[in-house]
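Here you get one chain, nothing else, as structure tokens; it is the form predicted on its own.
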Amino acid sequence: MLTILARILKVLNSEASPWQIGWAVALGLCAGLLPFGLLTLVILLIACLFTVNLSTFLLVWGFSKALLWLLAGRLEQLGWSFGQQDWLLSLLSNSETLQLLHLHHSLTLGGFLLSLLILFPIAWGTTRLVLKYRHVLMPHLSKWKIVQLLKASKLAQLYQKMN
């Protein structure tokens, strides 16, 4: 647990652009909300092609798999209700590419729809949070006695080892 916390602090305090962190969180969440398949690999390729923070992407992807498990029933209902549209049924049945992406499965379609809805707000919101942390919270936190004590602890040693 201390290692994960140290990695999060390392990313937040690093020179990585807030947009790189924001898009890593958003793409990791999108990849986590989908069952593993070709569509997940496409998202992984997008994360690799654009310069997002890969450690943040992988961390969020791993944690958001629990969301898929918790939301599976709702995502399947969303995919089923949206997938009953005549235009979408004809598009999915006539397109081999969309069939390769498994968008004809209700869980995959529901996860993809939710991912499309939250992609930009999550990227923007995370970017804003990282900026707020770096400009407002980080200077104040470094002055606290508890933070100065923690810097001398095992967490700080792990953090220093990772740099």
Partner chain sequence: MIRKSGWLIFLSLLGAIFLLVYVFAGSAIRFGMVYSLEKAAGAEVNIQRVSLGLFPLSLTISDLQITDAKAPEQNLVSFARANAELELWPALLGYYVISDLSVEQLAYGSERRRPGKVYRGELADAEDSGFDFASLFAIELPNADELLARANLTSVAKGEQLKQLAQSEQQQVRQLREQLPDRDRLRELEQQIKALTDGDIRDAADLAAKTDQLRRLKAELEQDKAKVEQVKTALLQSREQLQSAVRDFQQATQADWQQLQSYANLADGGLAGISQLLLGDLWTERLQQLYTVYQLVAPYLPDGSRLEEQPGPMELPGRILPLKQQPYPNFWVKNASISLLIGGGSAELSVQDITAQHHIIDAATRFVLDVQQLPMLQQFRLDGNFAIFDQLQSEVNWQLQGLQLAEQVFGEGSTRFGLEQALLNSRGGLSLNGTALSQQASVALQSSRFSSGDNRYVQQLTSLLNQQAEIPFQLRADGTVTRPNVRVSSPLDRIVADAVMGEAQARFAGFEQDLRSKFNAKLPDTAGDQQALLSLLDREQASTEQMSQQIESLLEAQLGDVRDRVRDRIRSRIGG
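Predicted, not measured: the structure shown is a model, and the values here were computed from it. Positions refer to the first chain, counted from 1.
The next section is about a form of this same protein that is not shown, the form predicted in complex with the partner chain.
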Self-check item: Contact flag, Phe36 vs the partner chain in the predicted bound form, heavy atom cut 4.5 Å
Solution: yes
Exercise. Decide whether Ser106 counts as a contact residue for the partner chain in the predicted bound form under a heavy atom distance cut-off of 4.5 Å.
Key: yes
Quiz item: Within a 4.5 Å heavy atom cut-off, is Phe63 in contact with the partner chain in the predicted bound form?
Solution: no
Quiz item: Phe120 near the partner chain in the predicted bound form, any heavy atom under 4.5 Å?
Solution: no
Exercise. Could you list which residues of 59 to 92 come within 4.5 Å of the partner chain in the predicted bound form, counting heavy atoms only?
Key: Leu68, Trp69, Ala72, Gly73, Glu76, Gln77, Gly79, Trp80, Gly83, Gln84, Asp86, Leu89, Ser90, Leu92
